[in-house]
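Listed next as C-alpha coordinates is one chain, alone, in the form predicted alone.
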(Lines give C-alpha, C1' and ligand atoms only; values in the text may rest on other atoms or scores of the structure.)
Protein backbone atom coordinates (compact mmCIF):
# COMPACT_ATOMS: atom_id res chain seq x y z
CA UNK A 1 0.00 0.00 0.00
CA UNK A 2 2.09 2.87 -1.22
CA UNK A 3 1.47 6.15 0.60
CA UNK A 4 -0.27 4.48 3.54
CA UNK A 5 1.04 5.90 6.83
CA UNK A 6 0.54 2.44 8.36
CA UNK A 7 3.02 0.88 5.92
CA UNK A 8 6.22 -0.64 7.28
CA UNK A 9 7.98 -0.16 3.95
CA UNK A 10 11.42 1.43 4.28
CA UNK A 11 11.39 1.67 8.07
CA UNK A 12 14.31 -0.76 8.51
CA UNK A 13 16.56 -0.01 5.54
CA UNK A 14 19.24 1.47 7.83
CA UNK A 15 19.58 -1.50 10.21
CA UNK A 16 22.39 -3.33 8.41
CA UNK A 17 24.59 -0.20 8.44
CA UNK A 18 23.54 1.19 11.82
CA UNK A 19 26.55 2.25 13.93
CA UNK A 20 26.61 0.35 17.24
CA UNK A 21 29.28 0.03 19.96
CA UNK A 22 32.11 -2.39 19.23
CA UNK A 23 31.95 -5.86 20.75
CA UNK A 24 35.32 -6.80 22.20
CA UNK A 25 36.81 -10.29 22.44
CA UNK A 26 39.62 -11.97 24.33
CA UNK A 27 41.82 -14.95 23.53
CA UNK A 28 40.35 -18.39 24.14
CA UNK A 29 43.18 -20.38 25.73
CA UNK A 30 41.25 -23.63 25.11
CA UNK A 31 40.63 -23.44 21.34
CA UNK A 32 41.35 -27.17 21.08
CA UNK A 33 38.16 -27.98 23.02
CA UNK A 34 34.49 -27.73 22.16
CA UNK A 35 32.56 -26.15 25.00
CA UNK A 36 29.43 -24.05 25.27
CA UNK A 37 29.01 -20.58 26.70
CA UNK A 38 25.48 -19.52 27.62
CA UNK A 39 24.69 -15.84 28.14
CA UNK A 40 21.38 -14.42 29.30
CA UNK A 41 20.53 -10.73 29.05
CA UNK A 42 17.15 -10.30 30.79
CA UNK A 43 16.84 -6.54 30.29
CA UNK A 44 16.96 -6.08 26.52
CA UNK A 45 15.04 -3.05 25.30
CA UNK A 46 14.51 -1.57 21.85
CA UNK A 47 11.91 0.72 20.33
CA UNK A 48 8.98 -0.42 18.21
CA UNK A 49 9.53 1.40 14.90
CA UNK A 50 5.78 1.60 14.35
CA UNK A 51 4.56 2.96 17.69
CA UNK A 52 7.71 4.44 19.23
CA UNK A 53 7.00 2.48 22.41
CA UNK A 54 9.63 0.31 24.14
CA UNK A 55 9.82 -3.42 23.48
CA UNK A 56 11.23 -5.51 26.33
CA UNK A 57 12.81 -8.90 25.86
CA UNK A 58 15.15 -11.54 27.17
CA UNK A 59 18.16 -12.44 25.03
CA UNK A 60 19.62 -15.94 25.31
CA UNK A 61 22.86 -16.64 23.50
CA UNK A 62 24.63 -19.98 23.29
CA UNK A 63 27.92 -20.26 21.45
CA UNK A 64 30.92 -22.49 21.00
CA UNK A 65 33.99 -20.28 20.80
CA UNK A 66 36.95 -20.82 18.53
CA UNK A 67 39.99 -18.54 18.90
CA UNK A 68 38.25 -15.82 20.94
CA UNK A 69 35.47 -15.36 23.48
CA UNK A 70 33.04 -12.46 23.81
CA UNK A 71 33.95 -9.82 26.39
CA UNK A 72 30.86 -9.22 28.53
CA UNK A 73 31.10 -5.51 29.39
CA UNK A 74 31.33 -4.52 25.74
CA UNK A 75 28.50 -6.92 24.88
CA UNK A 76 26.32 -5.27 27.54
CA UNK A 77 27.12 -1.82 26.10
CA UNK A 78 26.28 -3.13 22.64
CA UNK A 79 22.89 -4.42 23.83
CA UNK A 80 22.17 -1.19 25.72
CA UNK A 81 22.62 0.80 22.50
CA UNK A 82 19.43 -0.75 21.14
CA UNK A 83 17.38 1.17 23.72
CA UNK A 84 17.18 4.12 21.35
CA UNK A 85 16.84 2.14 18.12
CA UNK A 86 13.55 1.59 16.31
CA UNK A 87 13.90 -2.01 15.15
CA UNK A 88 11.63 -4.95 14.46
CA UNK A 89 12.10 -8.11 16.54
CA UNK A 90 13.25 -10.17 13.56
CA UNK A 91 15.89 -7.60 12.65
CA UNK A 92 17.33 -7.53 16.19
CA UNK A 93 18.11 -11.24 16.07
CA UNK A 94 19.63 -11.13 12.60
CA UNK A 95 21.70 -7.98 13.21
CA UNK A 96 23.03 -9.20 16.57
CA UNK A 97 24.07 -12.61 15.29
CA UNK A 98 25.67 -11.08 12.19
CA UNK A 99 27.72 -8.77 14.41
CA UNK A 100 28.74 -11.59 16.77
CA UNK A 101 29.85 -13.80 13.89
CA UNK A 102 31.86 -10.95 12.38
CA UNK A 103 33.79 -10.25 15.56
CA UNK A 104 34.12 -13.69 17.18
CA UNK A 105 34.06 -16.21 14.29
CA UNK A 106 32.66 -18.77 16.70
CA UNK A 107 32.18 -22.41 15.72
CA UNK A 108 28.45 -22.26 16.34
CA UNK A 109 25.90 -19.98 17.91
CA UNK A 110 22.21 -19.69 18.62
CA UNK A 111 20.41 -16.55 19.68
CA UNK A 112 16.85 -16.39 20.90
CA UNK A 113 14.96 -13.30 22.03
CA UNK A 114 11.66 -13.67 23.86
CA UNK A 115 9.74 -10.39 23.84
CA UNK A 116 7.18 -9.47 26.46
CA UNK A 117 3.56 -9.55 25.36
CA UNK A 118 2.48 -6.75 23.08
CA UNK A 119 -1.13 -6.72 22.00
CA UNK A 120 -1.57 -10.05 23.76
CA UNK A 121 1.16 -11.75 21.71
CA UNK A 122 4.50 -12.99 23.02
CA UNK A 123 7.06 -13.10 20.22
CA UNK A 124 10.12 -15.34 20.17
CA UNK A 125 12.65 -14.96 17.37
CA UNK A 126 15.69 -17.23 17.08
CA UNK A 127 18.49 -17.95 14.64
CA UNK A 128 21.29 -20.51 14.56
CA UNK A 129 24.72 -20.48 12.98
CA UNK A 130 27.13 -23.34 12.34
CA UNK A 131 30.45 -22.62 10.70
CA UNK A 132 31.05 -24.97 7.80
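Note that the structure is predicted; figures quoted are calculated from it, not measured. Numbering follows the first chain given and starts at 1.
The same protein also exists as the form predicted together with a further copy of the same chain; that form is not shown, yet it is the one meant from here on.
Taking non-hydrogen atoms only, residue 110 never approaches a further copy of the same chain to within 4.5 angstroms in the model of the complex. Mapping the unseen interface onto this chain, residue 46 counts among the residues with a heavy atom inside 4.5 Å of a further copy of the same chain in the model of the complex.
Contact between residue 50 and a further copy of the same chain in the model of the complex is found at the 4.5 Å heavy atom cutoff. Shown alone here, residue 15 lies within 4.5 Å of a further copy of the same chain in the model of the complex, counting heavy atoms only.
Residues of 70-91 placing a heavy atom within 4.5 Å of a further copy of the same chain in the model of the complex, in sequence order: 71, 72, 76, 80, 83, 90, 91.
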